[in-house]
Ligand code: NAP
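In structure tokens, one chain follows: the form predicted alone.
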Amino acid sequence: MQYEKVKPPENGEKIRYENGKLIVPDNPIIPYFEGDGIGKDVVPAAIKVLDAAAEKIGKEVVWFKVYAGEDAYKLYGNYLPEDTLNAIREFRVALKGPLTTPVGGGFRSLNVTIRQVLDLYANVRPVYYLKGVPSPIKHPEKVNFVIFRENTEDVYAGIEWPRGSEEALKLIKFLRKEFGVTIREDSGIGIKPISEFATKRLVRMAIKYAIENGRESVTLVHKGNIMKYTEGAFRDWGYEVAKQEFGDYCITENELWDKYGGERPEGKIVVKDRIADNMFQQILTRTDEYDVIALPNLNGDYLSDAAAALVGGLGIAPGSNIGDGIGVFEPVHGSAPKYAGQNKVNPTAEILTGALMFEYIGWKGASEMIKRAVEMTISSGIVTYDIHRHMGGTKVGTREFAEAVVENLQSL
């Protein structure tokens, strides 16, 4: 692979993808980019923790710095250079910081572009409680589910035209003439595609995850009572995958009650579905009934942020974008430029995102140690300002929090 302005490390080995599985050496080369705003604070803090965890299990990450966002524009004249995309393609796994996305005008989201160009079709976000973190609900310890959000279609397809544009007016006229659909002429127009192909590969990944990790249920979340041929189809195609491809592992919720009296047979995964608006109150009122959740893009965007609030907010929420044998790992929060460079913000989301990356490459021991060390740090009262204002304790900066996590990790 040729690179214009960056050079891969001379030591370290590539992660390979063979026969549907990642082949991970003990010293993988992993690209990373800090991104914008607070990325320059939280990514170095996370790398410090990740290096310590890797060393604990006799491994080493060989980091390869690449660029995206404002730094990339200064270096390349391009916010998302081919060097960065090629590095992810070649080395398979990457850690990233947050990237700024303008609201309204300006360039489209770089996060969305990365996901679409690399076909990272699943946005995977585990949501779980860390002891000691303030929560708005009585029993946050019941929260333990993984959200699989479709990453390439629905609103993320970005098919839209502004009010009054030639394209919007032409489409409005066409819909009225050909289908009798009346749309106000001062409307912006967007198209929401949901395909059988993209739906099935997302649900397939969610069910495989449930099988491999001993999860008990997969819930399909949709607005199919209103949007019958997009979100309703998402539901139907999801059930088809469960029945046709995983029939030995899966039963439906109806079968659970009709055949098994509501008692889940050992080793079986219950596949069920919920209307999206109802699901928002279900994760509050019946939290422990949900395990793996698969959703179209927009529903998944809303629900994953709402779920993060149950366990302390976006500042501690890890995330990832996964394709077939390729993954980019990013925290859920944004770039918060007003706090950049102040050694102030909470790096927990980026640290836990790194733990998720380690889990993905098969370093589960290191991943679990990171989670425990973060929990120990927060439980001992060593926290950044965002948590300190809710629970008190010893307020520390970004770097100092990471150092405390490393110290706890080394004691495990």
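All residue numbers refer to positions in the sequence shown, first residue = 1. Not measured: the values here are computed from a predicted model.
Form predicted together with this ligand: not shown, discussed below.
**Student:** Would you kindly say which of R201, R115, R235, K272 lies with a heavy atom within 4.5 Å of this ligand in the predicted complex?
**Tutor:** Result of the distance check: R115.
**Student:** Which one of P337, G190, P134, P193 is close to this ligand in the predicted complex, taking close to mean a heavy atom within 4.5 Å?
**Tutor:** It is P337 that has a heavy atom within 4.5 Å of the partner.
**Student:** For the chain seen here without its partner, which of 381-389, 365-373, 48-56, 22-30 has a heavy atom within 4.5 Å of this ligand in the predicted complex?
**Tutor:** Among the listed stretches, the partner-contacting one is 381-389.
**Student:** Flag G315 as yes or no: does it have a non-hydrogen atom within 4.5 angstroms of any non-hydrogen atom of this ligand in the predicted complex?
**Tutor:** Heavy-atom contact with this ligand at 4.5 Å: present for G315.
**Student:** Are any of the heavy atoms in N111 no more than 4.5 Å from a heavy atom of this ligand in the predicted complex?
**Tutor:** It does: once this ligand is placed as it appears in the predicted complex, N111 has a heavy atom within 4.5 Å of it.
**Student:** Taking heavy atoms and a 4.5 Å cut-off, does R92 contact this ligand in the predicted complex?
**Tutor:** R92: no, not in contact with this ligand in the predicted complex.
**Student:** Is it the case that L99, even though its partner is missing from this view, gets within 4.5 Å of this ligand in the predicted complex, heavy atoms only?
**Tutor:** Yes, L99 sits close enough to this ligand in the predicted complex that at least one of its heavy atoms falls within 4.5 Å.
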